[in-house]
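The chain below stands alone and is given in structure tokens; this is the form predicted alone.
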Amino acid sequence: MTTTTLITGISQLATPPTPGPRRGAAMGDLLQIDDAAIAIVGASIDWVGPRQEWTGRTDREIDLQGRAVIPALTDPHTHAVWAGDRYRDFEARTQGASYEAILAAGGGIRSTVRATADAAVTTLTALAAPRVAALVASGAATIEVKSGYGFDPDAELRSLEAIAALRATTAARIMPTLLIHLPPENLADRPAYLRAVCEELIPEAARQGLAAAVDVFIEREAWSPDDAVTIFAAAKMAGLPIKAHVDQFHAIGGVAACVAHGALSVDHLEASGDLEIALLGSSDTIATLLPGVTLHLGITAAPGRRLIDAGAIVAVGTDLNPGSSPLFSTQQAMALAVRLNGLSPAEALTAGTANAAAALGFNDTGALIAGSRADLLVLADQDWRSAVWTLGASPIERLFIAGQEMQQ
């Protein structure tokens, strides 16, 4: 016989009313229930509603004594697997060096690539595990982790193997993404590397079940939109959905290419303008904001307010990485989206839950409704808005993943 756990004492429950992507003005529409209760059977939510309306059997009751509850968060964009550090880059940036100048001098991403390519799978996993643990402690029950610092096919596969090994270290659901990050510095070497990516790396990652999606960095210093389309074709042939880093520093046509080819999400968008906003406002491709980059690099924030007003589906993530966003809290990313990207508290909650899950292709989490995974956060406050108000401390008191309470 299955056991029913009834969670009571919920001062205020706030959730997107349905799982799956919500766009434009609908992002601000939350289901809110005062004096709520949640019935959990196994790993799923069986019932949600006002406490006095529950009439089912209760095998165990958990009384939260007046705490607010929201869905657990999803972090749809992290680079948690890396070796080495970027402290020298950080210091140079504080003295006026640009991201592009640091990259041109041999630092930046390429220094992380060198350190990561030299590290063993066990080393990469050991380094990444506490980073993922920090994201979980910040409220994330589902976390995407990208490769991308391996540079050659063998090193990329080792990074993906490290991501797979992370699953044994956490209760969170880990989504592995193969990131085609940087091309070779020598232009003459690019065609051969692109062929290796499309003919060897992507098919092998898919064959081994190491990647659930393929991401491409589209930027002046990285891949062109035409290169990305070639990579997209290889990913689709391997049965993997596509996504991309676009418009981080320059808008060079990446959004248009991604929308035209049905990308699941486009992430960054700090340099997006009217054309890109209009394209995303009328497409199903999810616009993922990464406010940690704006905070750390001091660059223009992605136009979150304008994207929502245009009707786009907007998500938010940490972009946890050593160079441009050393942000270890998914909750803080959501809070920063309010300050830096112009989202309302309700829109930010949707962006960090239902829409963030949709950006990874999941529709079973992100909303506290019957049939969804029992992924939920108990806040220390009685008002759910504390989840996006709080900076510098955790507003989270308890976390449940698939119906099981995590030790915080």
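In case it trips you up, residue 1 is the first one in the sequence shown, and so on. Just so it is clear, the structure is predicted and the values come from calculations on it, not from any experiment.
Omitted from view is the form predicted together with a further copy of the same chain, to which the following refers.
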> Looking at a further copy of the same chain in the predicted bound form, is some heavy atom of each of Y87, E91 and V338 within 4.5 Å of it?
Replying inline: yes
> Of G281, P153, P225, P326, which residue is found within 4.5 angstroms of a further copy of the same chain in the predicted bound form when only non-hydrogen atoms are counted?
Replying inline: P326
> Ok, H261, K236, H296, H250: which has a heavy atom sitting within 4.5 Å of a further copy of the same chain in the predicted bound form?
Replying inline: H296
> Does a further copy of the same chain get within 4.5 angstroms of any non-hydrogen atom of D381 in the predicted bound form?
Replying inline: yes
> Is there a non-hydrogen atom of V388 within 4.5 angstroms of a non-hydrogen atom of a further copy of the same chain in the predicted bound form?
Replying inline: yes
> Quick one: does W82 come within 4.5 Å of a further copy of the same chain in the predicted bound form, counting heavy atoms only?
Replying inline: yes
> If you check in the predicted bound form, is A393 within 4.5 Å of a further copy of the same chain, heavy atoms only?
Replying inline: yes
> Only one of 61-69, 359-367, 344-352, 45-53 gets a heavy atom within 4.5 Å of a further copy of the same chain in the predicted bound form; which is it?
Replying inline: 344-352
